[in-house]
Structure formats: structure tokens, C-alpha cells
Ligand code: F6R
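This document opens with one chain alone, in C-alpha cells, the form predicted on its own.
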């Protein structure tokens, strides 16, 4: 039984699992147990299924159990949550095709038992079609187990903000943030369907049992609001609080904003570790709107921190201690300051210069997360190598590839040299793109030229950060070249390429990202490949002397207690960083003009770095233009 006090802020029971794999296996086991029970009486098991990357681990486990343990799915009836409207079932981004590839093609489930909303229904017939979908669920006896994910707007299915608890299956207009999140799959926000068919919140609430899954740091804030906030139509997932038989499964990253993890002293007695003390004092400073050094004993006792004060007070001494700890994370020398004491610096002074290896899952992850620090490392004489782990070609729109190919052909015509291999390739690409069906898989030629575009953008960005082309590597890990978004599969080849890179360079510093990402992302797959490679090489002497630093992703920010090194940026360095990001022209995701400033990727990066500087300022430390934060990493 769960400790009620420990969960007292949670209005939906939440279980934190070690990994998404563990969570998916747990749910798959529950589903299979029910199927076995129902199969004994030849009764149907009715499942409500979700699409996207979140539940794919469940589907893989169901397939394994079917093939290895012989479990039959012939008595299973399924109802999918949603489908984009006005796309066919064969469209590469249709949820119908996704479910066939990820689950149904591998089971013995009868086709007649599979129910997925039809995105091609005539507009005038959608109301009647949606009523029929509801009736089919009722005729099947209702949904026994419903699997859900949660979107960044708090949507479940495609129930966007504003959906009521009584809503049923219907045609809905997609939220701008939902379309933005789908833009990469559709190669541009302008290609994302404006509408979708979805089960309603009320339809979902009729299910006998509900599991909601959340993986990765990007889901943390919205998950905490759904679990601990007041139920509101503005956040549809929060309406699940009324269900009597629901459980949330989240990994550590997705659960990180829950009170019991973020502010555990408010729910239970805690052992006051250094990190937890820093977190509590920083929170108290923000909550009291006071710099750390102005906090009083009364501030601690009135905000639930009397125990901290008793063990580590008085406030005056505690304030100075934490102020100094946070101050010592600040450094203008991310590679260490030679001939200086290491005692109060996050990075050691020697050796100098260092070999600093920066891993970027996709071109532009590096400049977004640490563009200013790259420039600082180069200026301070360190040998900086940037390694782009994937080509990034999946994220290049066809129009950009056509433009590049046309340029090659036009240049050849100017020089009267139209029969080179490069020109033939460019002409072939133009022909293939001209004949390509919408959203069809790119040919190797097209992916090649798209990869060259990303490579060119990355090189220019690195040059702006002070890095010459000879210090830029492109690994093109096989998992990416063989796969597509949400459906990557790692292999030993990926690990071997990274092991070769590490052994060749033997860095003194290693910078990377992706440890807190949703498992299906490029960033998470690159992190897993890196970790496997480092574990294989863990006995190598150079690893013992390598400091490993995590930099943030585009959609994430570090909490103050997580930061072990903070690199301040001057106004000029911040401008330089933005210029580096701006070079990635194919990745520009413009919002509507009225809201453009807050949605461009370079503006997001700028605002994030400014917010971190403001946080340090509010704690009473020096005021800086912007700060890039890093978290120390250990393999153990």
C-alpha cells in the first residue's frame, strides 16, 4: 500500500518507475493478465489504445508475449483514441498506419476487431460517424483498459484545452502547440492537419481502468499540474482526477515536478543532503521574494523548513553556506583556469589546454544548449571538437532540398560543366522530389542532399562560435539513417562508432545532452548510445580523468540545485550565440506573426539563458546578461 502522506498532494495516484521500459512492461503484464482471464471464458477484452511514441514499449512487449508465450489476441477488441482528419489510412503519419506497423500486423487479432477513427469521413458525416464510434464501444461492452499519453497542452487523445468532462467522440480543431509538436513529423507546421477525430474526455472516463504514461523532462510541468492542480477544462488531463480506477506511470524525469520529488520536505521527513538543502533554500528565496542572504529564521519556520533550520541553522550561517555554494558554480572558465586553485571552481585547472569533446545529437543542439560556452572554450585556448551524431536529414523540408539541388544545376550551367557526378546527383534529386508523393519516404539520394544542407548549416554555426571546420565531425549514426522519428532502433554499430570516437580523442571534458529526454527521441537514443560506449570503455584510463557535463535541451531548463557549472555570457556572447543558431535556416519554426518572438528557436534559447541569469540575480548573486548551465555527470 502506498504511503498516503507521501502522496498527499497527488489527486491521481502516480507511480514512478525506473525507466519507460519498466513502466511499459508493467502495463503490458496487466493487459495480458486480463486477456488470459477473459480467454478462459471466451469473453472479449476491450482495449483503448493510444498512438505516438509513449506507448510503443507496451506494444513491443505485447508482441513478444504473443510470439514467445503464445498468448492469443483473437478475443481482443481495440478502439484507438484518435486520428488526424483528412488524411488516408496509408498516409505515413496516419495513426492507422502507425498502429498496423507497431502492433496489429504482429498479432492474431481479427481485422474486424480493430477500430480506428477514419480520417477520410466526409465533413458532413462526421457527427453521425462519431456517434457510431461511441455505439461500437458500447456494443463491445465498454473499454476495460484505456492507455493514455499526455501532450504538452495537457491534452489526452486530441482533447485540447477547453474540452469538457462530458465531451464525446467528435471532430476537433488542434491547438497551435500540438501542431508545433507535430511539425517535425510533417516536415513543417503548415503541413500538420488542422483537425482530428478523437474520443471525448467523457468517453475516456467511461473506461473501467485507465493508465496514463509520461516519459521525459518535457512532460514534467504539465504532468504535475494535471496530478496536483485543480481539475480544469483548460487542462483536460486534470479531469481524470474524477476517475476511481486510474494510475499514472512516469519515469523520474517526467515526475520531477511532483511535490514529493521537487519539494519533498513539504510531504515527509527528509535526510538533508547538500543538493536538497540547496534546493530548499533556493525555493525559499524565490517563494519569499528575498535574496538568500536576507532570509530570516522566521522565513524558514513559516514555510515548512523548521527541521532544516534545526539541523543546519541558524539562518545566518545556512544562508552564507548556500550562497557560497551557488556562487562557486559560476565560472568564466568552463575549461578551468590554469595556474589557479581548483578548490572553488567547478572545473579543474590542469591539464591545460584540454581536449573538449561536444556531442550534439542533431545539428544545432550544441549551439542551442552551449553556443556561448563553445566560444569561451575556443577563446581560452582549448582544443574543442564538435561531433554531430546524426545527419539531421529527416528534419529538412523538401523545398530546401529542391532549392539546393537547383543551385547545383544552375551553377553547372554557368560553367558549362553539366555532366559531373554532383550535377547528375542534383538532377536525380530534383526528379525524385518532383515525383515524390506527399510525405513519402525519402530516397537515399534525397536524404544525402538533405544531410549536406544540415552539415553546411552546422559548419557555419561552428565558425561563428570560433570553431574551424577541421574540428567538426559528422558521425551519421546508423540508427538514424535507417529509421524515422518515433521508430528508431539502436544497434551495436551505433555504439562502436562512438567508442571509436572516444578512443581516438580521449577527451578531458565531454559535453552531451539527452539524458532526460523522452525515450523515442533522437536525443535520448544518442544518449543511450553514448552511455553504452562509455560503459564499454569504463576501464580506460582517460575516462577516470574526464569530466562529463550535461547541457540542456531546447525544451528544458535546469533547476538551480541541478547546476554544477554556470557560465555567464556577455551581451556580445549572447548575440553571437543567437547568430549561430540562426544559421540553421531549415529548422526555423515560425509561429504566427503576433507571437513569433516567443516561438523562434533562437528566441527560446535566448529567453532560457536570460531566465537562468535572472534566477541567479534574484538569489542575490551578480547580475549577468545570460547564463548557460551544466550538470556534472557520472557513469556510476
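What you see is a predicted model, and the numbers here were worked out from it, not measured in a lab. Residue numbers count along the first chain shown, from 1.
Not on display, but discussed next: the form predicted in complex with this ligand.
- In summary, the region of this chain contacting this ligand in the predicted complex, judged by heavy atoms within 4.5 Å and restricted to 145 to 153, 430 to 438, 186 to 194, 281 to 289, corresponds to 145 to 153.
- Proximity of residue 552 to this ligand in the predicted complex falls outside the 4.5 Å heavy atom cutoff.
- This ligand is not shown here, but in the predicted complex it comes within 4.5 Å of a heavy atom of residue 82.
- In the predicted complex, this ligand sits within 4.5 Å of a heavy atom belonging to residue 53.
- Looking at residue 507, you'd find every heavy atom of it more than 4.5 angstroms from this ligand in the predicted complex.
- A single residue from the set 354, 376, 454, 219 has any heavy atom within 4.5 angstroms of this ligand in the predicted complex; that residue is 219.
- Put simply, of 486, 499, 312, 382 only one has a heavy atom within 4.5 Å of this ligand in the predicted complex, and it is 486.
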